[in-house]
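We've got the same protein chain twice here, in two forms, each standing alone as structure tokens: structure 1 and structure 2.
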Structure 1
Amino acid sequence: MTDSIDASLVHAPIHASVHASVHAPIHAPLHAIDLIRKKRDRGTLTEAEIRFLVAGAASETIPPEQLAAWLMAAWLNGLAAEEIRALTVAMRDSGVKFDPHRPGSGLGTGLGTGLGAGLGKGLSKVAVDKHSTGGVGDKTSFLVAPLAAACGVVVPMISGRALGHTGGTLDKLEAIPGYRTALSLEEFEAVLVKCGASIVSQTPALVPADRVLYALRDRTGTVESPGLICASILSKKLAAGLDALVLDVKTGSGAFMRKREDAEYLAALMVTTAEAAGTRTVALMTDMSQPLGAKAGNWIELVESVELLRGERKAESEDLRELSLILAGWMVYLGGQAESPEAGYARAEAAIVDGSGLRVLMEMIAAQGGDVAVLDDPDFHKPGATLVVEAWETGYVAAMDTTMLGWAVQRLGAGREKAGEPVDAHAGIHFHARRGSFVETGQPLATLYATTESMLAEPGSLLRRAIVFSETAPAPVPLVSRVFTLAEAEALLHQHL
């Protein structure tokens, strides 16, 4: 994914529609080349035509060059709202789906009370998840999943790996010896029944169309399309049988979409599309003008998260704690276990204080084969090489190019530049100064952990280029700048008509 969405796509009308000829036979066979031409000529595909393309992608019966041509036409001309919704649902339905409420699952029995409006009546628990558009040091999943589960919702979380400048939730969890992310749906269900939360990878049978289409988008320069991004993200989330979804949409120097209007448009699009598919959804615009929390990497992010769940409070991690509680509060609220997001926040904070959130996390790790003992072992973290970068000026940390800092983390060995490459569990950066901190020359600014000594030089140079000092403190940036419920999302999209 690149840093921004093409502006012409952001402002393209989403309800424009060009209908197929009324003279076409109702049951005429569909051909990929006709649908390529139709999209090329700014037409709007029908639901049946979208389903045909998605089925052809999943079964690999449509050649990749034809799928790529259609993707490029969709990228250039945009997708209408009805096309995005049809694409999302068709991709969701392209493989097996997980249903946490099916009879006999262990999650859909009992009557339950106090459920959110229109959510899961007759079910004992409501399935709620969180999705982030990606950032540096973004480890909220390790806090919100156990906290929300401790408050009475079930959290079936299907996550991804590091690619580009952002870290991957699965890579971080696999820093725990033995932790298994590739569970069958039956194993996934068993962990959810036992623990209330499970964080796993996408199975080969789940949303197979997305794997084919995303691989083509990645190779053909068609990633940064709001409609295609929306369908890709939501198809995987909705295939997990969610009742509700909280979206964390990043803005700022470390976000994939640096332009605020791009991020807002995508947030609104995802909220309306998910709601149309029957999943109650809210999107929060959150700050990524600096790394979230004090640590970015794999193992060290887990350690920071566990420290917070243990009730430890450190100024350097306060933004991570606050955002995690806000997100968890919305999850608890949408799951019907609180009367408001603020009440949900209070319940999530109580789950830190009483230790129930930490217990859920430890139970989940153990249930998925992880060795929880290493989380109490201070000697487990053994990086191959270490470098302390000292402040080269006296002044305030005024700005950070967080994308550049993300690349520094990845090139220390914590991430990958292409799928399939191994990652180093112990590589990463511990930031000792935050945006707005006053530092003096020679004061430790960050500690770099690398796989080998030779891998320290480039990340150290990137860090020095990414951080800017000034004589005056920078203006504060709100952690959460905007919340999109369905009404707010529809209002923003209406402005683009």
Structure 2
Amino acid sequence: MTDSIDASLVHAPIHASVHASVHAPIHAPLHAIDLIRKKRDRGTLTEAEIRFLVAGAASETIPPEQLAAWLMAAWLNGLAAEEIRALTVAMRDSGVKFDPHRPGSGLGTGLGTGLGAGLGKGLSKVAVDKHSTGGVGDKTSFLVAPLAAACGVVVPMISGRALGHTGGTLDKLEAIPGYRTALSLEEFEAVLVKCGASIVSQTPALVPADRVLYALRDRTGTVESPGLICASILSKKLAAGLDALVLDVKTGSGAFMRKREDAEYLAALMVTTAEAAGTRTVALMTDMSQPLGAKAGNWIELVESVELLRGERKAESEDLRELSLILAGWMVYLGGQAESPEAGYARAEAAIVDGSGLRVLMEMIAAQGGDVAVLDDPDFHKPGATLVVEAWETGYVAAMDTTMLGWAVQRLGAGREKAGEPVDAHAGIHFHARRGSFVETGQPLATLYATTESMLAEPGSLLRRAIVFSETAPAPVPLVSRVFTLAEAEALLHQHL
């Protein structure tokens, strides 16, 4: 016996608006205000309380100011492991789910050729995805999804929009005229059957809680929280019915988790949470101390990706190529199509050489309504205004504040200040120098593309503040610094206890 009382009942008011039903010690009526105060006072919410908040977010019955206050309390005081697990599962279950292996699904045995035909093809195929915690110039999805699909796995990828200083896969894809990201689950399945990969948005029906919370976090400075990031990412991934997942956890000046220890904690948290939910998961800690590849924006990121899938090699894009092959290698390995991640890498590289990766991407774009012809049109890129920023010193590019560079990209018009605003397909930055490059004064450092002339000034000055020169070359940073399998993730979390 204990004389302590359940903290969840302390503030329980008399009038119920929603009754929590799962694992609540008593069917206590719940109100958002009590849960805000509980988190504000560093309490740990019960699973029922988390479900209540998530249901209120999904149905939009809890007003945004209360959700925002709770998010800020969670950001400031942190979430316990059990709260993170409950939040992830409640968000996953907040809408309909996709099951790539449902009996009679379009992923059955391959009986047709058109969109919507071919039922049954993928039962034997493993559904694998990759997700990044967000970065600047991070466009690996456009490479890994088609490459892994070309190697025999199915990639049902539910992606997000620009968040904070980071770009959004959906915003980039929508730079292609006609490309539809908001597919119904039937359409999603049909594209997967036809192409092996499909990149879509979460739709109001799929993980609706994340749609609401993600947009609120973007506007309230509550993005950079390990627990909130874990639940946001994994809820979408688990709702897609994945068999396996490769996580790309960014660390460095452009990552949400800038400090290595925080990024490691996030990686371990996500691996254990996803594994507990039944998805085989691995996390790679990867460098975000500079933009990935040479381009950050919307359309220009797609172009850089397509060039690589065409087999073109440019020094400025080598880090992007290498990381994409490593991630695709893990996907192919976890999907049972290679003996090891290294063998998976070799298979993915072969899919660049034989053109099958590019074919999958083009088929996917066409299947989702996109005009593939623009990808062959060098005149399609028509930014409203252009500015070349030249090096103001001679020396090595020693450091980049990549978060500041990300904000510069967003303010050129590639991102939005308010939810729902349109973004400029052509805005962005082409970086001509990388960390460690030696440049002479006056040499072009970056080309900025904006919607209008007046939008160039602030990003130009952000860029100047973000880059530091030195007389000596900086120490190189490994592209992949650590890999977390379940055993490593559990060991790290054990140290945190």
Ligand code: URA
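The term rigid core refers to the maximal set of C-alpha atoms that superpose within 1.5 Å between the two forms. Just so we're on the same page, residue numbers count up from 1 along structure 1's sequence. Quick caveat: nothing in here was measured; it's all calculated off a predicted structure.
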{"query": "Which of the two shown is the form predicted together with uracil", "finding": "2"}
{"query": "Core-aligned C-alpha movement of residue 64 between the two structures reaching 2 Å", "finding": "yes"}
{"query": "Post core alignment: residue 333 C-alpha displaced by 2 Å or more between the two structures", "finding": "no"}
{"query": "Core-aligned C-alpha movement of residue 381 between the two structures, 2 Å or more", "finding": "no"}
{"query": "Cα displacement of residue 211 between the two structures, core-superposed (Å)", "finding": "3.7"}
{"query": "Between the two structures, C-alpha offset at residue 45 (rigid core aligned, Å)", "finding": "6.1"}
